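Let's start with one chain on its own, the form predicted on its own, as structure tokens.
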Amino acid sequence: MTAPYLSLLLADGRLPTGAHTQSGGVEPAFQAGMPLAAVPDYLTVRLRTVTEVEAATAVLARRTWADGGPDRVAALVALDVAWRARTPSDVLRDAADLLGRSHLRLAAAVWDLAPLVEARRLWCRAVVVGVTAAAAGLSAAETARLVAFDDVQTVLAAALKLAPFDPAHGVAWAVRAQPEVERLVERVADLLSPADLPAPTAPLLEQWGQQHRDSERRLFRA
């Protein structure tokens, strides 16, 4: 099976990883008053902040797993800790842990990820996606692109449910986001160690996420 085929498989929104429970933060954004027309700008902000940190973490997890060293699980734990240090919102961390658990359950049924499973700890989604990408034979650039593309599609799919609009506009916004996705890939694909992890933050997005957790009217977890 080829890496491009597996990349398409892992990027498919119908993959049973629980991603349908997430809005990529766009539901909290709408609740805070962000207009639908601002979704493209919202995607740009995410791709330059939280999504970049996730993609960078996935790239490093892929590299760690592919290197196959005897201490790779310990190295992944250190990477997971580094990601948490760069994700101050506990709402975002909880969402990533939930997705990491479901993604690991799925991926371990396809590839041999026993050391990750037997560690019996919560892994953030980015670490699990990176390890899965290594097992699937994806390159660092393909891994980063997978994370970024998944984020774009998560936001657009949720926006379509929350503020129904012509789906063709959503596809057009996904196409417009492609240059920003490729710039993200260029920034993170060559990272070598957790010390290289970027740390951009989006305080307003984090604030909206914290407020959303206490909302009694919501369709998505985050």
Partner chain sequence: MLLPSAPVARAAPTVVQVRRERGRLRTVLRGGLLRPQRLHGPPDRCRVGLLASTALLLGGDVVELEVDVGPGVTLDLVDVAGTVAYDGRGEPAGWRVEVRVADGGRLRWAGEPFVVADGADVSRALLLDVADGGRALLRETLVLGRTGQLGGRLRSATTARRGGRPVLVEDTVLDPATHRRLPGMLGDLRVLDSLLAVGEELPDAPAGPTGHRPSRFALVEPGCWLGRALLPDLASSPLHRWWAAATA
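In this text the structure is predicted, and so the values were computed from the model without any measurement. Numbering follows the first chain given and starts at 1.
FYI, the form predicted in complex with its partner chain isn't displayed, but the following is about it.
Participant: Heavy atom within 4.5 Å of its partner chain in the model of the complex: which of 196, 41, 166, 186?
Facilitator: Residue within 4.5 Å of the partner: 41.
Participant: Within 4.5 Å of its partner chain in the model of the complex, counting heavy atoms only, one of 61-69, 169-177, 156-164, 47-55 shows up; tell me which.
Facilitator: That would be stretch 47-55.
Participant: At the 4.5 Å heavy atom threshold, is residue 101 in contact with its partner chain in the model of the complex?
Facilitator: No.
Participant: Is the gap between residue 81 and its partner chain in the model of the complex 4.5 Å or less for some heavy atom pair?
Facilitator: Output for residue 81 is yes: heavy atoms within 4.5 Å of its partner chain.
Participant: Can any non-hydrogen atom of residue 200 be found within 4.5 angstroms of its partner chain in the model of the complex?
Facilitator: Contact check for residue 200: yes, within 4.5 Å of its partner chain in the model of the complex.
Participant: Check whether residue 90 has any heavy atom within 4.5 Å of a heavy atom of its partner chain in the model of the complex, and answer yes or no.
Facilitator: Output for residue 90 is yes: heavy atoms within 4.5 Å of its partner chain.
Participant: Quick one: name the residues from 184-212 with any non-hydrogen atom within 4.5 angstroms of its partner chain in the model of the complex.
Facilitator: The stretch 184-212, when checked against its partner chain in the model of the complex, contributes 199, 200, 201, 202, 203, 204, 205, 206, 207, 208, 210, 211 at the 4.5 Å heavy-atom cut-off.
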